[in-house]
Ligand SMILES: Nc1nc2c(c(=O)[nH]1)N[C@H]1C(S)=C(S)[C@@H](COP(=O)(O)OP(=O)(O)OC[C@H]3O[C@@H](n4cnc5c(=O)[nH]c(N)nc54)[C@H](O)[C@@H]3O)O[C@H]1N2
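Just the one chain here, laid out as structure tokens, in the form predicted alone.
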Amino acid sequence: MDKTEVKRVHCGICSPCCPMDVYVRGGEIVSIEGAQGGLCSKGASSKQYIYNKERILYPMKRCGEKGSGQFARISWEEAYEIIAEKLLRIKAEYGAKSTVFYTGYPKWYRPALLRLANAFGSPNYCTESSTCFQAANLAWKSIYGNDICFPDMMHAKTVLFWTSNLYHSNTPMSQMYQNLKAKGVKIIVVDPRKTATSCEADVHLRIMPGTDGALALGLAHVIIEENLYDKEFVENYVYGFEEYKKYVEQFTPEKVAEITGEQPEKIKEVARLYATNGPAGIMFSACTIVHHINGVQNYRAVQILLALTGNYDVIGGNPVMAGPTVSCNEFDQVKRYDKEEAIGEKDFPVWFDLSCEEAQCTRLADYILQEDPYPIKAMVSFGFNRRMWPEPDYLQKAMKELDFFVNVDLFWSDSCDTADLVLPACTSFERDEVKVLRGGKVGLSQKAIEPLGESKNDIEIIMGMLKKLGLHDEVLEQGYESYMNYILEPSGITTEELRLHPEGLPGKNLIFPEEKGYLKRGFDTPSGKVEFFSQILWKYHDTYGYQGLPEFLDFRETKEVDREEFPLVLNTGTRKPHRFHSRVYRIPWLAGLEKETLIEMHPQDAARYDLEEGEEAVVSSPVGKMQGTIALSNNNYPGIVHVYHGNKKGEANDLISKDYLDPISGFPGYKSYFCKVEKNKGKECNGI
């Protein structure tokens, strides 16, 4: 009988990358357990993820019309030859910038793909952060000039969770949340919904989606009016305070209550608690606040509260580093080739002023179809998912117009149908991968089994493309093991050592937190101070209409949509414990937990439109329709319709206009568009 081995693997299905003990016998995974406790529903169904019938196992070449889904198996060598021939021809005819290098999820191989794009000479390296994290990053950098500082919750007296539901979005942190409660830390939650996190909070501010900026300005109004702000910090380190102070005067608790739907007294209570019961930290979400057409300014209004109250870069507040950090360049900080104009640069200039790591590709379909600012003829993508974009059918149409499109992925999706080549990637269970862990440790997620079929490690695929294209990158050319050791080199640890220690090792070169590090390093902003009034945004006031102050604009005042016809607010993508974007709909255990696309409504709204629990209905917006099943929930904010995204049975993003964007970041207003819900009269209606 074959011996059972145990491998330490970090799950790659969703963001936390939880450690697992994977039991392997005869080259197959027989069971999986959490290495530090239990597993979430997604991790528990990992075997169905790995051995899924929709896994791509071999290189596939299109043999029918684009979009037909007709493909034939080929060898890796033939695939690399096709890639080299097509890309080099397109480069010779249109230039390197005509090729887009794109990565969706996961994120571990991104620096390697950027290296490939740089070696090719294209400025158009793009990621799913064109609609996820980067807008929050822009907002932060416009104020502080540094990377976002997360809260030091272990030393805080108050923690403000701003639209962050840990139980569903970062499950491993839920135990830490319970520990905060046990220690008597005051918990404030801002969230339109009643969630597992908000139910245990001391105060829950339940606001209308998209009004976060007004709430933050209202909190600032109380803090300044009652002299609760940190005068010393403001006087010495803030630029634009007087203009900001004058602006927030209009955001009285009474006015903010009208905008947000929350009570004036609760707004005052939270302002006083956050400002006086310090140190106090704010736990931000990656994208919920910025998935609105005024998202960047809303986020800026929230982030300014840290500096206003003296909670920036202090222990227990939001320090630059909350604990010891291993000196390990996990993400290989290579810079994007920027000697030529990238897509999105004319439309969203602040993106490139503040975050030059990648191009902005929200309007990718327009750039392809309109050949503006120049022709886009090819795309090399890893994990491309058209359903991430608003109006995904419009993008699918654009992808058919490309001269060449290669997609690397785990599973066959309808996004693969428009490709010329589809290449098989392996899962995190089928490769070694360097991980930076908490507490100044590094680890190696071990390969549990050999890659299924002919699937490959994403970085090895990138290295194969680099070689066949005749390009050079001194790091990638050395091979994958060498690449991992290159990443680890600053830590003083090697992969050989990590293989002997599955639990990870403390870095030999640790960087310890230094409170108020700005006293030495200053702020990387035009003024050298924290900018309540952003000079970078104001630079584009005359040409783009950007405001230097965190101006609040109410999305409900839009003139582009007939609100009488579409009276409800559509909110897509609210986190669920058994979902992760479009990745797990194909897993039987998880699909069985929610078999239909749910249209979640407050009972008051359902009664108003004569809809009942479990009834089939149609959601319509100015650009599309989809069908689903009514699910009533008192946890919802009245007037809001929640639909999860990424489901072919009913795609929420079919309902979001491709032009409904934040003018600063280019992010779609996924969480505050407009819709109506009606009884389904029995006709198929997904799409337009």
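Numbering starts at 1 and runs along the sequence shown. Small disclaimer: the values here were computed from a predicted structure and weren't measured.
The same protein also has a form predicted together with the ligand, omitted here; what follows describes it.
- Heavy atoms within 4.5 Å of the ligand in the predicted complex are found in one stretch of 177-185, 565-573, 602-610, 231-239, which is 565-573.
- Put simply, of 540, 162, 247, 80 only one has a heavy atom within 4.5 Å of the ligand in the predicted complex, and it is 162.
- With the partner omitted here, the residue from 108, 140, 483, 71 that has a non-hydrogen atom within 4.5 angstroms of the ligand in the predicted complex is 108.
- Under a 4.5 angstroms non-hydrogen atom cutoff, the ligand in the predicted complex lacks residue 430 among its neighbouring residues.
- Although the partner is absent from this view, residue 358 stays clear of the ligand in the predicted complex, with no non-hydrogen atom inside 4.5 angstroms.
- Using a 4.5 angstroms threshold between heavy atoms, residue 131 counts as touching the ligand in the predicted complex.
- Contact annotation for residue 363: none of its heavy atoms lies within 4.5 Å of the ligand in the predicted complex.
- Contact annotation for the candidate site: 96, 146 and 336 all lie away from the ligand in the predicted complex (no heavy atom within 4.5 Å).
- For the stretch 186-215, the set of residues having any non-hydrogen atom within 4.5 angstroms of the ligand in the predicted complex comprises 190, 191, 192, 193, 195, 207, 209, 210, 212, in sequence order.
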